[in-house]
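Two forms, one protein chain; structure tokens for each follow separately as structure 1 and structure 2.
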Structure 1
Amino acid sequence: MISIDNVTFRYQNQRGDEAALKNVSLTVEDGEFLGVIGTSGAGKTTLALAMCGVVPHEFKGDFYGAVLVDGEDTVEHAPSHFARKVGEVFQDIDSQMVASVVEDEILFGMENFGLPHEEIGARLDRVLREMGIEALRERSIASLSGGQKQKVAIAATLALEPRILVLDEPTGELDPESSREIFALLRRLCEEKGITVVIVEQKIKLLCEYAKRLIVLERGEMRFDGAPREVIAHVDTFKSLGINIPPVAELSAILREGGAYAGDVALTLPEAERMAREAMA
């Protein structure tokens, strides 16, 4: 569990007078699938970095409040202390990769943490299987597609058996099909292994489908926190922020306003069909 209690953080060399995070409080329960959205500069990456102690240890600045990972204060321990509990996958996969061959990339972290040799081999096999990339084992990383690289990055993180995965725009450079595949893999890890997933994303349609909870950051502040359907219902706010929400959700808001529809915000195609039928009746 991660509890974020009234966190305010301003980077040492941050421009302007505002802080990157302002009085953010949030509890991420074990096994949750949490999506984080917000416009550029809203503080999403900073929040992700604060969840594993990289903020304020590696990025210095003024930090107020507390982040507790399973009750341990991130200010009191180095990020490496949390690395096996909270796995991070960053947006820029290339800068995260340290090896040139897939299996070496996955081995690197485990060797770094000094896991016993037999254990390392077993975990390597397991994460390759879990991510469906056994065939890529000996491939050079440079020859992989974006989606394949992202799976390798997730596999390398999973090899450390974190209970929590924090991903910062992992599908940012992927096509719709590979993006959906990553989301489906994450859902499986969450449902079958109870891994907590925190994912910063721009792809709101996918988040609405896969995340159980969504938070919206705006200029460092928590604007909304709730089930995707409840959060997405604030159509006007998303419009004013310039965040595109799924067209069916927007349509339900319009129909509701006009009194033609009284149900919940529609997020999926079957729901949209039901909504259209009710509106036409």
Structure 2
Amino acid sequence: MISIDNVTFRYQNQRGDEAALKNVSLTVEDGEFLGVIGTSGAGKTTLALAMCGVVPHEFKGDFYGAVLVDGEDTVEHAPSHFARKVGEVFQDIDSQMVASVVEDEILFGMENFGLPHEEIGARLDRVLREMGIEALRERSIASLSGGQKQKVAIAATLALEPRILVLDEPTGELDPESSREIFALLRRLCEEKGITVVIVEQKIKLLCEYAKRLIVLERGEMRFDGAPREVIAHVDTFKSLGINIPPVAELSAILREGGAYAGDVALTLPEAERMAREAMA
């Protein structure tokens, strides 16, 4: 479980009332699939870094409040202390790569933690298969596309079998089909293995379909926190923030406002079809 209690963080170059996070409090339960959305500069990445303990240890600034991972305070321990428990995949994939070949990249973490040789081999084969990158096994990292590098980074993280996954826009360079595959894999890990998934993502349609809970950040503060359908219902607020929401949700708001529809906000095409039929009736 991750517990964030009244956290404020101001980077060293921020002044006055500016802060990357402002009095943020939330609890992420074991096995939860949480999506984090917000515009650029809203504090999404800083929140993800705080959950891993990277903030405040590796970024200079003023930190207030507390982040607890399974009851342990991230301020009191180095990020490496949580490495087996919290797996992280961040936007700058190249900075995470430590090897020159895909297989070696995935092996690095397992060997570094001294896992038995037989177990290392089994985990390597499994994550390559799960991520659909078996053909990349002997490829050089430098020869990969951005999307392929993202898949390798996720595979290397999953190989350590963390209980918590924190991912910052892991599908940013993936095509729609590959993005859906990643989301489906994350949900499967969440449901079948009880892994907690926290994902910062711009693809709100996918978040609405796969995440069980959404939080919205605005200028470092929590704006909304709840089930996707409840959060996305605030269409006017999302428009004012410049956040694009699924067109079907926007259509729901228009029909509800006009009195033609009184049901829940639609998030998928089948739901939109039922909504349209109800409105026409």
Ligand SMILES: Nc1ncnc2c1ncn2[C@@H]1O[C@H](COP(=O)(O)OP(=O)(O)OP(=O)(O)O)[C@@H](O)[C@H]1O
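Counting starts at 1 and follows the sequence of structure 1. Not measured: the values here are computed from a predicted model. Here, rigid core means the biggest group of C-alpha atoms that superpose within 1.5 Å across both forms.
In this comparison the chain labelled structure 2 is the form predicted alone, and the other chain is not. Once both forms are overlaid on the rigid core, the distance between the two CA positions of Q14 between the two structures is 2 angstroms or more. Core-superposed comparison between the two structures: the Cα of D125 travels 2 Å or more. Put simply, the small part of the chain turns as a rigid block by 12° against the big part between the two structures, using C-alpha fits.
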